[in-house]
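Before any questions on how it binds or moves, here is one chain, the form predicted on its own, in structure tokens.
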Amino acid sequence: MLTLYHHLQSPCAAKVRTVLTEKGLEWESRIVDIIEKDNLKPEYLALHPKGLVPTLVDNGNVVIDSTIVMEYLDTAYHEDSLKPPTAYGQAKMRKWTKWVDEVQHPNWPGLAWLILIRPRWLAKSDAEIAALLAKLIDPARRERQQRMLGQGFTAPEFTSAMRIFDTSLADMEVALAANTWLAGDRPSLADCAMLPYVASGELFGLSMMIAQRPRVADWLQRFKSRPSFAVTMPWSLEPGIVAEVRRHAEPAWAAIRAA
């Protein structure tokens, strides 16, 4: 039996949910509340020493790190493979998964943390916030969350996240001019890796950035018609939050485009 420890709003977990659904695999869901730092409790750290989501358990075998999990699932359950059939296609696919791991995701908290986590933390006492920050293993991550909590959308992480997301969309637009999907004529792990970020960007109120890339917009619409989309993105935001994000995002994006 496949068991996935995950959080609904985590893009890394969403990548794996997309793969599971695209491949038609049955799996058991175990929600880990990363906002309340349940991922840093001893019982979860025993599975994933870095305290990150997702973690996959396959008949007692523990697999961590979302890209490795995606590759594992596609290899272990090889029917309906999500890898292109050629070596060159697989190289293009891994270019995207590498981009997500090394650039897109590390900069994503500048959007996601501000939008999804900061509002809940602002309702907490100073002691509660201090206790949550003290649980963090990485001191750089602790410093970043403290800065974003205090500075909000004026934090440098917000501008950086907007710039990287814009770059991702621009590169996708170029790739989709040559292929129906990012690495070929059918969905691959490349598309599964990028989907949570593009779909979350739309939910965050950044649809104007997507609309300027018609091929990306079409790619997203095609994904929305697939059964995996509802499993990938089973959450939404209050309209007031979206309006607030858009108010800050539009001038930031204008500055990025002008530069």
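Residue positions are given as counts along the sequence shown, with the first one as 1. Every value quoted in this text rests on a predicted model; they were computed, and no experiment measured them.
The same protein also exists as the form predicted together with a small molecule; that form is not shown, yet it is the one meant from here on.
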### Task
Decide whether residue 34 counts as a contact residue for the small molecule in the model of the complex under a heavy atom distance cut-off of 4.5 Å.
yes
### Query
So, in the model of the complex, is residue 39 in contact with the small molecule at a 4.5 angstroms heavy atom limit?
yes
### Query
Is residue 65 one of the residues lying within 4.5 Å of the small molecule in the model of the complex, judged by heavy atom distances?
yes
### Query
Contact between residue 168 and the small molecule in the model of the complex at 4.5 Å, heavy atoms?
no
### Interface stretch in the model of the complex with the small molecule - options 46-54, 223-231, 204-212, 188-196, non-hydrogen atom within 4.5 Å
46-54
### Message
I need to confirm a contact call. Of 136, 129, 176, 76, which residue comes within 4.5 Å of the small molecule in the model of the complex, counting heavy atoms only?
### Response
136
### Message
Give me the residue from 141, 118, 147, 163 that has a heavy atom within 4.5 Å of the small molecule in the model of the complex.
### Response
141
